[in-house]
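So this one's two forms of a single chain, laid out as structure tokens and tagged structure 1 and structure 2.
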Structure 1
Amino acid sequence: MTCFFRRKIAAKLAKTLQQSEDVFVPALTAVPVLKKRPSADFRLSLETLRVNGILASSGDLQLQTENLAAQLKPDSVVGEISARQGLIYFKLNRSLLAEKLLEPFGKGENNNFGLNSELFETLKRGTILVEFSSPNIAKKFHAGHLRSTIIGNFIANLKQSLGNNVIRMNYLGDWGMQFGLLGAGFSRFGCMEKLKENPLQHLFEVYVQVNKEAEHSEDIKLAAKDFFRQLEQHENQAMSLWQQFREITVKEYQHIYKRLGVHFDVYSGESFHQAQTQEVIRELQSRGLLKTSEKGTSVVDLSPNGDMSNICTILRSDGTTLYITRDIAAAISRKEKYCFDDMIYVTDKSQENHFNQLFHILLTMGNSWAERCRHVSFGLVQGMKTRTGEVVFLEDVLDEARARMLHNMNQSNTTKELENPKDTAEKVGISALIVQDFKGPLRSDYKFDWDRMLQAQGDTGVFLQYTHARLCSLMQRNEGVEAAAFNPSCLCDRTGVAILQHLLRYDEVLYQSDQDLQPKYLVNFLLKLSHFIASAHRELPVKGSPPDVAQARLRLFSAARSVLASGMRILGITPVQKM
């Protein structure tokens, strides 16, 4: 177990420096594994100890490091101790490393490896509302919505794995002038049959057409205005049509999200908070925060000096509400309804200012819980296209990923043995999309590239899936071998140790991911693990080895598979058994 070693080393340090064990835990990190040179397993940063006030911060750092290292004596757990550049390195007893690390994997799948580490002991758990995806009814589901969907899903998975109560919310763009247009458009170009048959497509068509017509038709503009007025006044006929649009869209989305392996606990939307927006206005007024601008709009002044140099519009001059007004109301009502400890919004970076203003206004209104609201933003995706052209619907992207992957798989023999190649191609195709998206920092823009993301070799989702499937097949071919007694001293060669050392880092990677809410740490950890596994397939054969060696290797492969699968699931990827 990871915890075992960090604890042992911390205990050793605690004894020498007469401090509590816990203070050393954050200063001890697993050493990243280098390809060639066999390295130590953990290192201690003296700088961290200094910063945390455990060591005197004056004096020569190197000397301090050497002195402390000299006081620490090797024992049955730590075989070697050395000092270099402000760091003390600990090399573990190799056979004990294998024994303790692989112990939990002998007990079946659900061992929570990495997630139950002491690094998470002080973590505050609670209710976390993650709002993501949030497309707009009748409009395009663009690359930004796809990114929000997979990133939000990753954050929700991670938070849930770490023991939080997570609420997954989709906040649909289901209100506003666009519904006036849609309503007016539907009575002219809409068709109930088509709506039932292919709702997203049909609503989009109507929306595009009515927008075009509205450009030079005052009649349509008036009709749209009137339809939206009917909606705002909750008139039955208009509301019932709106309701149908919404219900049909949600049902369709649910089906597509399912293909993507994503679900939502709540489908909320901008329409939900109309009553509350009026309360928000009253509250702002009674606090004296609402000012009238020169244009006759109602605004909140966010400038530090109160000189109206940074204002946020809350009401148009005709008294209608805006996107931000609805977001303020939505946040307050969510807090009341779900009592969340943290709330996370996932959208592209063009909305950064919007969310800064939102949090600022919430705080000014006295909602101190807004301190614990966070906007996770991401960059733009360039060039997301399918064979038929521009992407309009999420389904197009999923279909294209599946078709391309199926085409690639048909070149290989094993595909013929698959029960449901289409389903496998879908899962692998989606993992390719996810890994391409998650490899870099979320705020960076990137270029969408089907060919590159679907490569079987190289750092792709296909490679992760391939590695997982190959491990499953190894397990299957060697069923029964694992039953023999486990002799950890059979795993002391370089390739085996490299995998063990890499697994030691899993909890740190999860910890870092939780702090920064960036998937790149986990993606890169799993890709590197897969590269180590590829070497292990070559260098640590199971077949033809003496029984205890075969058993130990298989145990190692099984542990690696289990960590790979658990990491993939957190990313939102369903690991396949065969491909």
Structure 2
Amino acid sequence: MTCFFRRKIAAKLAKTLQQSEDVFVPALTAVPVLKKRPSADFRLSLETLRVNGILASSGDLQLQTENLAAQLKPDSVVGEISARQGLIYFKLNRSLLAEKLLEPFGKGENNNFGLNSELFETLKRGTILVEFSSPNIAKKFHAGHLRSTIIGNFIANLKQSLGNNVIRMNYLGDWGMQFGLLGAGFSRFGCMEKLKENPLQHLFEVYVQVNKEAEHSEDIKLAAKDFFRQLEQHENQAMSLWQQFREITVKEYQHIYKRLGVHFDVYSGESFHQAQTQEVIRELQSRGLLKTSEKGTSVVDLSPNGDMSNICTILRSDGTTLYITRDIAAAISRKEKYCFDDMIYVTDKSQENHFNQLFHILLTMGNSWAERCRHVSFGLVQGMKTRTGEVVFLEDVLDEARARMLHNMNQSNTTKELENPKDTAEKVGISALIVQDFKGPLRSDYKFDWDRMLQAQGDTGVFLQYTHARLCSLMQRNEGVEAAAFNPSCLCDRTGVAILQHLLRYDEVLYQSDQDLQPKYLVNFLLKLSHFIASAHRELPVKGSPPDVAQARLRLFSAARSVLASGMRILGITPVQKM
């Protein structure tokens, strides 16, 4: 167990420097594994100790490093201590490394490995509300919403796995002027029969048609404004049609979410907070924050000098609300209802200014908790096409990923006989989508590449699934291996040690992921683990090995499979048993 080793090294440092062990635990980091040459297991940065006032901040850093390293003596836990470039390196007793690290896997799979690390004791746990996906109702699920959905799901999974109470919210775009346009369009171009047959496709067609007409028709623009006014005043006929659109959409979306393995605790929407926007307006007025612009709109002045150089519009000139108005009301309502400790919004980077304004206004209204609201932004996906051209809808993307994966599996000589190949192709195709999306920084745009994404070799979701399925097959084939006492000294070869050293880093990777809310750290950790496992399959055979060697290697492979599966689930990937 990683904590055991950190604590032992921290105790050694504490005794030498006359400090508490606790100050050294977070300063000790696992060394990234180098495939080509052996490396130490943990390292300590002297600069960290200087910054924290544990060591003098002046003087020669390298000399200071060498002097401290010389005072630290090897023992039964730490076999070697060395100093280099302001860092002290600690190499652990190899047999003890295998014994302690694989101890949690003595009875098979362990889903909590790395999650109960003392590194997480400094993290504040509480109720976290994550708002993600948030498509607009009455429209088919656009592929552009894929990123918000899978990124938000990852954040929710990660926060929950680290002991937080997570509320997953889908805040639907179910209000606003676009429904005025759709309502006006449906009265002209809509058909109830077509709505029953293919609801979202028909609404999409109506929306496209009414938008085209509105470009050169003032009558349609006026009708749209009138329909939205009817909605804001809750007139029965308009509300009944709107409610029908909303129910149809949620039902269709739930089918997509089920395919993605995503669930929500709450389906909310802008419409839920329409009444509360009036309270927001009154409070802004009472605080003297609401001003009238030259255009007749109601605005909040966000400029530091109060010169109206940076304003946020809260009401249109006709008195109707905007997206920001409803978001202010929604945030206040959520705080009252869910008493969250943190709230995270997951949307594309084009909305960064919107959320800056939202948090600014909430703070100006006296809501100090707005400091614990966070916007996680992401870039665009470029070049997402099917064989037939541009992909617009997410269902097309999922169908295409499944079809291509099924084709690849049928062409492969190594594909196993599967009970439900279509279901396996679905899971593997979705994992390929997720890994391609998560490999880089979220704010970066990335180029979508079907062929590279679905390769079985290389850094892909298919490679992760293939590695997991291969480990499952190995465990099943060796269920009857003669049980022997676990002998950790059988795992002191370079290949076995590389996996053990890599597993030492798992809690640090989760910690870093929690701090930055970036999935790339976990994705790259799992991909590297899979490459180490591929080497181990070749170099550490179980079949034909002596019983104690076979038993030790199976324990190692079991640990690797368990951590791989655990990490995949946090990413939102369902591990497959066969492929």
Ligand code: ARG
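Rigid core (definition): largest C-alpha set, two forms, superposition within 1.5 Å. Computed from a predicted structure; not experimentally measured. Along the sequence of structure 1, residues get numbers from 1 upward.
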| item | value |
| --- | --- |
| Either 1 or 2, the form predicted alone | 2 |
| Core-superposed C-alpha of Leu146 shifting 2 Å or more between structure 1 and structure 2 | no |
| C-alpha of Val376 moved at least 2 Å between structure 1 and structure 2 on rigid core | no |
| Rigid core fit then Lys196 CA moved by 2 Å or more between structure 1 and structure 2 | yes |
| Per-residue C-alpha deviation between structure 1 and structure 2 [Glu218; rigid core superposition; Å] | 4.4 |
